[in-house]
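As a starting point, one isolated chain is supplied in structure tokens, in the form predicted alone.
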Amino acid sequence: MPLDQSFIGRTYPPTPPYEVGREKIREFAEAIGDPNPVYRSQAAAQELGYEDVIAPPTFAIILTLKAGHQVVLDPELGVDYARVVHGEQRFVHVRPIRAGDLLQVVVTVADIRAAAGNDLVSTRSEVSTVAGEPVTTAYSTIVVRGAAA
């Protein structure tokens, strides 16, 4: 059964604050194989004008993936998680994520559409500081295989 299009535009509550730590940034950079010293060394970051280490551009996935579960696991929407595959992901950055940031995410369902017997659910995740400063917007699409049949 196709997913309910009335969910388009639905916004979920902000996630609990997430404090970005230097070690988490270093671990993430190691995991993706990026040796850039700005992700590990405060001195290297300061040479580029940052107060502390910054995160790789895709670090925001740590926050936005978890926030996106509010949509995917919403029982009213009725997504069968066993049929979900990740379709698309992109980030638009206002500024780099920095060690010490206290961030939250607000997720909105941007679109739901059927294609080739599948449902595609697109979301927009606004990452900001708890003080309201915009940091990153993540756009994601999941494919719910065979749902639209």
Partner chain sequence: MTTVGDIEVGQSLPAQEFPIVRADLVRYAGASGDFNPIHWNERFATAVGLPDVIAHGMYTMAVAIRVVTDWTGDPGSVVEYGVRFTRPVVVPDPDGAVLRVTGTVREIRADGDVAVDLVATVNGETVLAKARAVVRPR
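Positions refer to the first chain, counted from 1. Just so it is clear, the model here is predicted, and its values are computed rather than measured.
There is also a form predicted together with the partner chain; it is not shown, and the following applies to it.
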| property | result |
| --- | --- |
| Close approach of Ser41 to the partner chain in the predicted complex, 4.5 Å, heavy atom | no |
| The partner chain contact in the predicted complex: Asp80, any heavy atom under 4.5 Å | no |
| Proximity of Ser122 to the partner chain in the predicted complex, heavy atoms at 4.5 Å | no |
| Heavy atom of Glu27 within 4.5 Å of the partner chain in the predicted complex | yes |
| The partner chain in the predicted complex: contacted by all of Val72, Asp111 and Pro134, heavy atom 4.5 Å | no |
| Stretch 37-75 - residues with a heavy atom within 4.5 Å of the partner chain in the predicted complex | Val38, Tyr39, Leu48, Gly49, Tyr50, Ile54, Pro57, Thr58, Ile61, Ile62, Leu65 |
